[in-house]
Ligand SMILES: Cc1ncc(COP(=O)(O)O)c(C=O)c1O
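Single chain ahead, by itself, as structure tokens, in the form predicted on its own.
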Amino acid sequence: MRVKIGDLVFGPEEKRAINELMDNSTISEGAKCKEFESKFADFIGTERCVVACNGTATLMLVMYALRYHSAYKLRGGEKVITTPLTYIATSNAIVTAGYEPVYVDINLDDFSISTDQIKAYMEGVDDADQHRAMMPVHLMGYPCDMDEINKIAGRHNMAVVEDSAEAHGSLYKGRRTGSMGLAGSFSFYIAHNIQAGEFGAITTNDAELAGICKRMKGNGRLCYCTVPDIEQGKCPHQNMGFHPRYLHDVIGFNFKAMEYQPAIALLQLNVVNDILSKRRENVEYLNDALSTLDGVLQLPTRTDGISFLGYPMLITDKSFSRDKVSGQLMKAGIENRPIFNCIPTQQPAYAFLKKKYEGKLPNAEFVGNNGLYVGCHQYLKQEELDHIADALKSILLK
């Protein structure tokens, strides 16, 4: 038996949606992307949504957009507070945009960035005015403490960018993650809660930010009018001596999406509550089945309102090696992954920061060495959940 960590099942509806696009020779960003932007904004609870080719692109777009936004006007070199424990794309977006990542430790119970640590850090720095943004990550679907994060950000004029790549639909005090900062960033990678292969979205209530990101994903185009708008004389930039689609006033990227991904994602969005409910049910089932491993494993601490990316576990018994447990699960046919790494001390790409942070992020380093997760996705069958539980008990009850 092989138990996948994530899955994307193409049924009749998905195949029909893709075939319709091919029959109409529709490939590049168009009506499906616009439809998804409208419906996903409604789902998250924001006024606007901007799609892009993937989740990493959305992070990069927002980080670069802070240079052009009238309320922030970053120039490069500013500091961005973020979590050390997440997928590396979060830090990469900060660094490639020309800013310095600043890492504070996490909470062990839900892997979220510690607001106590943020406050302690900000109270001890002499250059608070150089800290211009925060990027909390709702890791594994667990929301960060957004009330405290926004309070701290408000005191220091920081932009808050929520990395919600793993938290589509998670609730924090009744609000969806991705709706409580300047912007939210989502990924629809195959292993995530809503799957479309490679696809991303920015959610925001800020019209200026949405406009900058929309232009930047098209190589910094001055306008984002459609070809029909231009042909009908509706574009405000068409009398400037050049075709408006070839006028560029900022340096940008080619991060546009295609029509296939939103066609698939829209079908999942239609049943998103069922998807999230099934994932929570699977987490609760595994929690019950693995309750005898208390003292060996830290299981998910709560489930209400959480949109789970996977089933996260911490090995708390020092007599067991995470890597050996991971290998034994793989031999049993159960895909699993580490809960990422402590980026400045455990990722080779950020080895230049190791000396600065070593020993200062104990919780993140502990999870980086001892955390792993298995699948909890909606396609798992009863026998697959039982196989996960039986395998873990066989490995750890010795």
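Only a predicted model underlies this, so the values are computations on that prediction, with no experimental measurement involved. Note that residue numbering follows the sequence shown and begins at 1.
Note that the form predicted together with this ligand isn't included here; everything after this is about it.
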_Partner absent here, but in the predicted bound form, which of 204 to 212, 312 to 320, 79 to 87, 148 to 156 has residues with a heavy atom within 4.5 Å of this ligand?_
79 to 87
*Have a look at 192, 176, 217, 279 for me and say which one sits with a heavy atom within 4.5 Å of this ligand in the predicted bound form.*
192
_Residue among 46, 346, 54, 369 with a heavy atom within 4.5 Å of this ligand in the predicted bound form_ = 54
*asked:* So, residue 59 and this ligand: in the predicted bound form, are they within 4.5 Å at any heavy atom pair?
replied: yes
*Does this ligand get within 4.5 angstroms of any non-hydrogen atom of residue 105 in the predicted bound form?*
no
_Proximity of residue 187 to this ligand in the predicted bound form, heavy atoms at 4.5 Å_ = yes
*Does residue 137 reach this ligand in the predicted bound form, with heavy atoms at most 4.5 Å apart?*
yes
_Under the 4.5 Å heavy atom criterion, name the residues of 152 to 170 that approach this ligand in the predicted bound form, in sequence order._
163, 165, 166
